[in-house]
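This document starts with one chain, in the form predicted on its own, laid out as structure tokens.
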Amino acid sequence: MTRLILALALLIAPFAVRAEIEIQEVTSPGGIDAWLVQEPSIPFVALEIIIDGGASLDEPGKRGATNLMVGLLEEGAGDMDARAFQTAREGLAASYGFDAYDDSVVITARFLTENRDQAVDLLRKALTEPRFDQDALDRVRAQVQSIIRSDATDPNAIAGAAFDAAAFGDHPYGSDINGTAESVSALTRADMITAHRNALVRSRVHVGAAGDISAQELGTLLDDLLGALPQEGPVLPEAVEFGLDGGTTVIDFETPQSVALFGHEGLARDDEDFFAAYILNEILGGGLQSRLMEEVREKRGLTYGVYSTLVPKDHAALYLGNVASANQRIAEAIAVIRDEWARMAQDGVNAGELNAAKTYLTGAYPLRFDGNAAIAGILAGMQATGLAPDYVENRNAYVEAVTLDEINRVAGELLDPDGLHFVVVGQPQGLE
């Protein structure tokens, strides 16, 4: 068992204190791996479980199945219908979360030490014995369809859907995980059973745990909770190339303000240049003090906010941004963004910008570890991303190690102003 110590400044109002975070690598008797930060001072445990695959495993013609299935996991399990399940959960003062994403299903749990066995047993039933009752299926289906209808009138959702469809085509990334009104209407209980069998598999599990539980207790808990899941699932989708060239797509939508989603190909999380790109983005568009905020908002007043971010998905990597501006000013905002993208690609950043970004990123990192739930999520996310346990010790050193020459080389290689594609939803003036 590997033990790693990280000294972190945790903000516990009203005083700032120093705390040691000890990460333990745990393997259950049944072979399920997890990372644990044990903290017995508060009788509370947080779990986060990430299962690779997610909505990308929807079968042909069944788009939205995984998302709908996940929404049904707490709508009855075992011998309990939806109301009985909620009553039992409330009686235990436990909290569960079930979410579907492009590349994963995420399960969270929070419970008191005194109720741990009962809370875990109830969660086990949700994960391994979901009922998928027809009345619950119809109710959650209606909720999803309401989201789909709302997205059809949301400029940001419209822009995202158009961008994804153009960039990824028939790949699962090319369509929304909610599915369409037609695909969701056609989903049956049998489809839920299939989606459940495909998405919740033991070999793709990553577990983070934090709180009042020992390594031995966690090992037993993992086997009780996840041991009945199938070991293997269907093959994951293949990698897909970003399929959009530079340019502008305008979608007419009656609104006084246009929104724009823009981007081009990004960088994989395991790329050796990722940290340089991460810092580069912080300077270009990642924060309130970024160049894009300075040029688009502060100097010209074209928007309330403009941001960019690296999006390294499991099967594709993107570099995305978004901005909103009045119809008569969005063309100018887009021109400024393109200019800043080009300026940084050509000239890079200066030493002052690099040092300021390093100071912010290294100072902010410890503040992420602000409670058991946050720590459990970080631990599970690190595993899912393929990071080692010592990443928490070394992460700030990785940031500090990036040189000015390195970040400027990456700026020239990554940033592609001619490849930027803008999807604009609204009635923009001055854009074709």
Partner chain sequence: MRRLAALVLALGLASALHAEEVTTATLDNGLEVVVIEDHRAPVVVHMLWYRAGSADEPVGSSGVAHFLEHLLFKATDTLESGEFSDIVAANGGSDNAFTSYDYTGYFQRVAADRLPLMMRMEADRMNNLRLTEEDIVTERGVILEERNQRVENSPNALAREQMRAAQYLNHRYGVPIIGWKHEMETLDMDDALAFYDLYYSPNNAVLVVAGDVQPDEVIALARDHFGPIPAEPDLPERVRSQEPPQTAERRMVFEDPRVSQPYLTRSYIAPERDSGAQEKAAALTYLAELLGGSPFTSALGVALQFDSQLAVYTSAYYGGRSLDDTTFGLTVVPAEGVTLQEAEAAMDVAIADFLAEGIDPDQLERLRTQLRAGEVYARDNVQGLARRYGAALTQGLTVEDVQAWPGILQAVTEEDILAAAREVLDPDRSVTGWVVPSREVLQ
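Positions refer to the first chain, counted from 1. Predicted model only: the values in this text are computed from it and were never measured.
Omitted here: the form predicted in complex with the partner chain. The next part is about that form.
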Taking 39, 111 and 300 together, does each of them reach the partner chain in the predicted bound form with some heavy atom inside 4.5 Å?
yes
Which of 320-328, 215-223, 120-128, 159-167 has heavy atoms within 4.5 Å of the partner chain in the predicted bound form?
320-328
Would you kindly say which of 288, 351, 190, 235 lies with a heavy atom within 4.5 Å of the partner chain in the predicted bound form?
288
Find the only residue in 93, 228, 335, 240 having a heavy atom within 4.5 Å of the partner chain in the predicted bound form.
93
With the cut-off set at 4.5 Å between non-hydrogen atoms, does residue 253 touch the partner chain in the predicted bound form?
yes
Can any non-hydrogen atom of residue 387 be found within 4.5 angstroms of the partner chain in the predicted bound form?
no
In the predicted bound form, does residue 139 come within 4.5 Å of the partner chain, counting heavy atoms only?
yes
Please determine whether residue 155 contacts the partner chain in the predicted bound form, using a 4.5 Å cut-off between heavy atoms.
yes
Does any residue in 338-365 get within 4.5 Å of the partner chain in the predicted bound form, counting heavy atoms only, and if so which ones?
359, 360, 363, 364
